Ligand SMILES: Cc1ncc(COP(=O)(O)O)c(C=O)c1O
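Just the one chain here, laid out as structure tokens, in the form predicted on its own.
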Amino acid sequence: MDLPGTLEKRDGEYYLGGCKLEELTREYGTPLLVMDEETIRRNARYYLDNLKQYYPQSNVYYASKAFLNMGICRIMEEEGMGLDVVSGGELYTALSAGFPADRIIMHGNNKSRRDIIQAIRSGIRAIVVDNDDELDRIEKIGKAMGSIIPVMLRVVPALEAVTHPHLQTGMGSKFGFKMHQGQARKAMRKLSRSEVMKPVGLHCHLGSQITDADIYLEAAEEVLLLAAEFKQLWDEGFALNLGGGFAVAHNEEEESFGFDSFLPEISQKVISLSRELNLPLPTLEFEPGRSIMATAGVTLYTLGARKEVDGLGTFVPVDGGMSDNIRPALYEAKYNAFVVNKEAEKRALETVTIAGRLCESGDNLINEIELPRIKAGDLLAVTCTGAYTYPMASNYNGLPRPAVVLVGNGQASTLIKGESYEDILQRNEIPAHLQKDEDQYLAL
């Protein structure tokens, strides 16, 4: 199981980034997502430093959909990362934080006209083209704007990663130009005739929570073979972007991706095959997201009333659930947890299900976990929640989204303010024909 590097226990009290977890909940309330800055920076440096060691001509783009806000953009910029965005909203966030546009690439399987224009005007490094219609749309927009637009094609090798079906982005997914169906070659031919699109590389992404390194080696070979068929496009060099998806161990049962042993293999594979195919040595690129952010996050909850259910065991709800972490309900994600408050350690162990408070039968955060006997008011810390939790949070059941705080060197700083009920209603409007006298609907 992967944990934040600064998580420690002193005299029975838990600390993260030098901050006592119980004190954070007194200041910010619960649920609360706590992000360890040192772990984020350490994980980013891990990719940058190790990749450069084996393959100097390389780039690493943070897959910002894992968790994005302006503070995280600043951290990634300082660490030398690029940024991968998938919408105009993510691009706007990055640019608002002052992130350099020439270190941003834009994905997305259905980019709007507005997204494309925004990307062109901001001068990002490349638009990753997902489909044939998008090629035509970019061509028209580029001609109208008088712009030369750097693009990469998202191609899909004839491979399927072993992972949850909702995490697969290969042959059977909605993404990219399928190589086995001839879509990729057709797109490359169209790109070679373009008057405004400048090809700068090829991109593929196989899925998420992948542990098998061999599938990346196979993907690299298929994509380089395609690149070799269109050597005339690469006079100025090109990028081979193999995406991300490197697995993180959220609990004791899961396995992390072995990036250390993978790097020399993929580097040698790309170098030797490029020479064999008489290709210019490509810039090797990756897009880790989860494996940078997941381990940095711990979500704190206050436990509620216990409930014994015949044949199903003991349920103990927290004051959040699928509104702040939909992953268990969405694709059966499994987490680990520990009780934060010191006195809980003295209690006997028991097996319980940690339920959410949402009005959905599928809103269980952790099924059958062994913990010291817990009761209402105890604090629970769920680990490895830094990725794909807050970005997918909602106000379902009228619940405010939680605060997110960044901790380091004993200091806590707000990344995202927690919402209030007033925030939830901020964009609500009552049509004129439904309005009543103000004193009849004032909030209690």
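Quantities reported herein were computed from a predicted structural model and do not represent experimental measurements. A residue's number is simply how far along the shown sequence it sits, counting from 1.
The next section is about a form of this same protein that is not shown, the form predicted in complex with the ligand.
**Q** Even though the ligand is not shown here, does it sit in the predicted bound form so that R154, H203 and R290 each have a heavy atom within 4.5 Å?
**A** Checking in the predicted bound form: R154, H203 and R290 are all within 4.5 Å of the ligand.
**Q** Which one, 390-398, 57-65, 30-38, 410-418, holds residues whose non-hydrogen atoms are within 4.5 Å of the ligand in the predicted bound form?
**A** So the stretch in question is 57-65.
**Q** Could you spot which one of Y335, F246, F177, F99 gets a heavy atom to within 4.5 Å of the ligand in the predicted bound form?
**A** Looking at the other structure, the residue within range turns out to be F246.
**Q** Taking the ligand in the predicted bound form as the reference, which of N325, T299, T295, S208 has a non-hydrogen atom within 4.5 Å?
**A** Checked against the cut-off, the match is S208.
**Q** Between 79-101 and the ligand in the predicted bound form, list the residues on our side with a heavy atom within 4.5 Å.
**A** Contacting residue: only D84.
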